[in-house]
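Coming up is one lone chain in C-alpha cells, specifically the form predicted on its own.
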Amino acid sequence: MKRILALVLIFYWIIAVTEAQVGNNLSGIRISKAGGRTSLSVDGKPFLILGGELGNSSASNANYLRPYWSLLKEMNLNTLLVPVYWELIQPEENRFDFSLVDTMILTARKYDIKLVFLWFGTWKNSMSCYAPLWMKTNPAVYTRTADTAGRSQELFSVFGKATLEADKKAFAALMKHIRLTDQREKTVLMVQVENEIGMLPLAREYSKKADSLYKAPIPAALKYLLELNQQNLIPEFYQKWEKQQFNTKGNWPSVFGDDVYTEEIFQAWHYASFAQEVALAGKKEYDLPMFVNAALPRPGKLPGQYPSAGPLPHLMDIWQAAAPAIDMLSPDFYNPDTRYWCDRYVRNNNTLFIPEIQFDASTAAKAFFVIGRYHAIGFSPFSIENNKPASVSLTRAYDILKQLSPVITANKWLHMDGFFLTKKEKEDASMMGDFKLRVVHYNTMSWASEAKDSVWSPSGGIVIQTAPDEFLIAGTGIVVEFENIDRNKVTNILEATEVSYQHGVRVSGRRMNGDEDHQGRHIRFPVGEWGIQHVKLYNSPARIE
C-alpha cells in the first residue's frame, strides 16, 4: 500500500510540475476526449482539419508562395501546415526576425485558412539542416554526433545541453510571438515540435556521455512507468521487457537486453525528453496543442537503418512517459499499409492526426478512411501546392468532408466508420447498431467500366449512423449493403435521397429509389462520382407464415 501511495504521489507531482511550467496562457484551442471520442476545438467549437502540408522550401519565401494561396482555397482546404525555419527566424544568436511568420499568418487570415506550424528546429528528418549557421560553425559548444569511425555528422547530439537551451529559447520566442500576434484571431491551431526526429546511421549515439548514460541505471521515471503499467504496455515493448523477466534494476542492457533494439529505446527516451523540454518552454509562452511526427520504417529494416528512436508505435510507451507535454504522436505516410499503421497509432489512447501523407491517386479515398474509422482530428497530404492530377479528387473529397464536418464533429451520431478499397482489398464490413454493413468496391459490379481492368481506381467512403434506422453515406466508388443481425428480420432500404449540406443544414436532392439503388438492394457511388446520400431502412419478417 505504501508503494502504491508513493507512485500516486509521484504521478500527481509530475502533473503539478507540468502545469506550473506550462503557465496560464490559455489559447482556447484544445484536444479533448469524451465518451471515447476525440475532438479538436477552437473556443469550444469543434474543428476538423482538412489540410495540406507545404513542400519543405515553399514557405521560405513569401513571394514564391503568393500565387498558390487561391489554389489552396479552391481545393477546399481549411488548414495549411507550414514550416518555420530556425535559421531564418534567428539568423544571429541574439536577434529574432518573425517577418516571414507574420506574413504567413496575415495571408492565411485573408484566405480564411488556419495554420499548423512545423518547427524545423534542432532536427528535420533526423538531420540538423535548418539550425542557424552560428550553431553549425561552433561544434565545440553545439556538439554533434559521430559515426563509428568518429566522423562528424550533420546531426546535433541529443545530449548537448547548449543545443537544448538554444532550441528552447528560439521555440519559446516563436510561441510568445504567436500569442502576441494571434491569440485573439486563433489562426494558428497547433505546432509540431521538431520534424521526424530519428537517429542515423546508428541506433543510438556513441560518445563518452552517451556511453556513460547507457551503462547507468535507467531513469527513475521510466522505472516507475514499467512497474505501474506492466500490463498496459504496447505488446512489442512488453515482449521486449518480458525477455528480461521484467527486471527494473540496473542499466539499459540489464533491463531490456543488450541489443540494437535496446539502444533504440535508450535513444528514444532521450529524444522524447529533449522534445518535452522544448514543448514545455513553448507552452509556457502559449499553450497550443503540440505533436511530434515520425518517419515510418520500411519492412525488415533494423534500428539505424531507418530514422530510429523517433515517435514510432513500438516506442509509444517511452515517448508518452518521457514527453507528457506532447499531445499526439503522429505518423508520416509514405507506406501503402495505411490500416496497419493507423491501428498502431491509436493505441495507448493516442489521438490520430495525419500531418503528412503521400499525395497520389489514393489520397482522397484515404481521407474518408482515417477520419471515419479512426476518428482522426485531421488529414494533410504533403506538397499540397503542387497541382497534381490527384488535386482534383482531393478537392472533391474535401468538399464532401467539409459539408459533413458539422455532423462528424458534433459527436451526436451513434456509429461512424470509414472505408478504403482497392482491387487487392475489395471488401470490408462494419457493425452499426442492429445492422451489419457490407462495403465493396464499385468495380465488383459486373457493369462497372473498370471491372475487368488489371488496376482499379482506389475508392473510399464514410458511413455515419445518425439514428437507429438512418444513415449518411458519402464517398466515391463504393457499394453498401445492409443486413439485420436478427435472422428473423430482413432489412430493406425505405428511401435513399441525394443530399448536400449548406451551412450545416441538410438539403435534399434526388430520390434515388430506382436504378440508382438497384431497386432497394444497395447504396452506391460509381468510380469517379462523389456524393452524399441520406438512407432510411425498414425491417420485414424473414418468413411469411
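From 1 onward, residues are counted along the sequence shown. The model shown is predicted, which means the values in this text are computed figures rather than measured ones.
Below, we turn to the form predicted together with a small molecule, even though it does not appear here.
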property	result
Interface residue in the predicted complex among Thr497, Ser41, Asn484, Asn56, criterion: non-hydrogen atom within 4.5 angstroms of the small molecule	Asn56
Of Gln90, Thr338, Ser380, Asn195, the one that lies within 4.5 Å of the small molecule in the predicted complex (heavy atoms)	Asn195
Gln153, heavy atom within 4.5 angstroms of the small molecule in the predicted complex	no
is_contact(Arg373, the small molecule) in the predicted complex, heavy atom dist at most 4.5 Å	no
Contact flag, Tyr334 vs the small molecule in the predicted complex, heavy atom cut 4.5 Å	yes
is_contact(Lys124, the small molecule) in the predicted complex, heavy atom dist at most 4.5 Å	yes
Which of 403 to 411, 195 to 203, 457 to 465, 251 to 259 lines the interface with the small molecule in the predicted complex (heavy atom within 4.5 Å)	195 to 203
